[in-house]
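Before any questions on how it binds or moves, here is one chain, the form predicted alone, in structure tokens.
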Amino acid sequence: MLGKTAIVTGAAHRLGRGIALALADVGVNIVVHYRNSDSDAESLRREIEEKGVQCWKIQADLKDEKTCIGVIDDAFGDAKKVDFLINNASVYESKDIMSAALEDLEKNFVVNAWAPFFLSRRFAAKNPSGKIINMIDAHIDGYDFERFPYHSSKEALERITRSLALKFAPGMTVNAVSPGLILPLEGKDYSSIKSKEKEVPLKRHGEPENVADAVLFLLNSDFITGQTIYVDGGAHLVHMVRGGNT
């Protein structure tokens, strides 16, 4: 891993930040993509460079082809070579199945499914021997009627992961990581997820480090592709329905 370079989308905070720092800890240079959080991205850049690796920032709203092309092309322009793409950026909104409008579906699918798909194609064209990891969600094995557009878009990303793994073989690996109960919602503390721990077979929440470990494992492997690793304490083994009557 030493001396490699990774693009991490949505890296300025939360899981993206944890993944970027974990990669930097093992000597990977980081391209920090962010949308609005410039101060957080700059703070992360300084922290990463203090670890003795290089770091660049790229600001972009992943809503159209032009900006997605810019993320990949600018990253290769800055770093010269990029080895890994971590598609972490996403939108996460409460829109239930009965009230979700077309614009809600469009917004979620564009950022959560289409953008990773397009970024991956552009990345593969630049480095057909690289590695891609898509961040999905452990709840894709269940049903989420409270966040239906989000849940549907992550299901689509899981299918995209498998399709690209086959299409980009044999030179490239494409895998996914599906976090479960890891962090509370923004603005909430860990007490807000305490009651949900009983739904997890291991009866506790995970840590961002657990997710980063799965990412590192997949990046270190040359013979795993098209797979999804669940980092959820076994929650995907339970039939999960959120916001429904079942």
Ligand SMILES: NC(=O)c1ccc[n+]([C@@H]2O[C@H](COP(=O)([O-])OP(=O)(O)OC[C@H]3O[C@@H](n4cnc5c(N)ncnc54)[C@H](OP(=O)(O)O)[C@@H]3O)[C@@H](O)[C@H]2O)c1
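Keep in mind that what you see is a predicted model, and the values were worked out from it rather than measured. Note that residue numbering follows the sequence shown and begins at 1.
We do not show the form predicted together with the ligand, though everything after this point is about it.
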Kindly indicate whether Lys4, Ile69 and Phe123 are, all three, within 4.5 angstroms of the ligand in the predicted bound form, using heavy atoms. no
TODO: Mark Leu216 yes when one of its heavy atoms lies within 4.5 Å of a heavy atom of the ligand in the predicted bound form, and no otherwise.
DONE: no
**Request:** Report yes if any heavy atom of Val26 sits within 4.5 Å of a heavy atom of the ligand in the predicted bound form; otherwise report no.
**Result:** no
Partner proximity in the predicted bound form: Gly16 to the ligand, non-hydrogen atom cutoff 4.5 Å | yes
Determine whether any heavy atom of Leu105 comes within 4.5 Å of a heavy atom of the ligand in the predicted bound form, and answer yes or no.
no
Answer among 26 to 34, 217 to 225, 194 to 202, 45 to 53 for heavy atoms within 4.5 Å of the ligand in the predicted bound form: the stretch 26 to 34
Contact check, 76 to 91 vs the ligand in the predicted bound form, heavy atom within 4.5 Å, ordered by sequence, gives Asn88, Ala89, Ser90, Val91
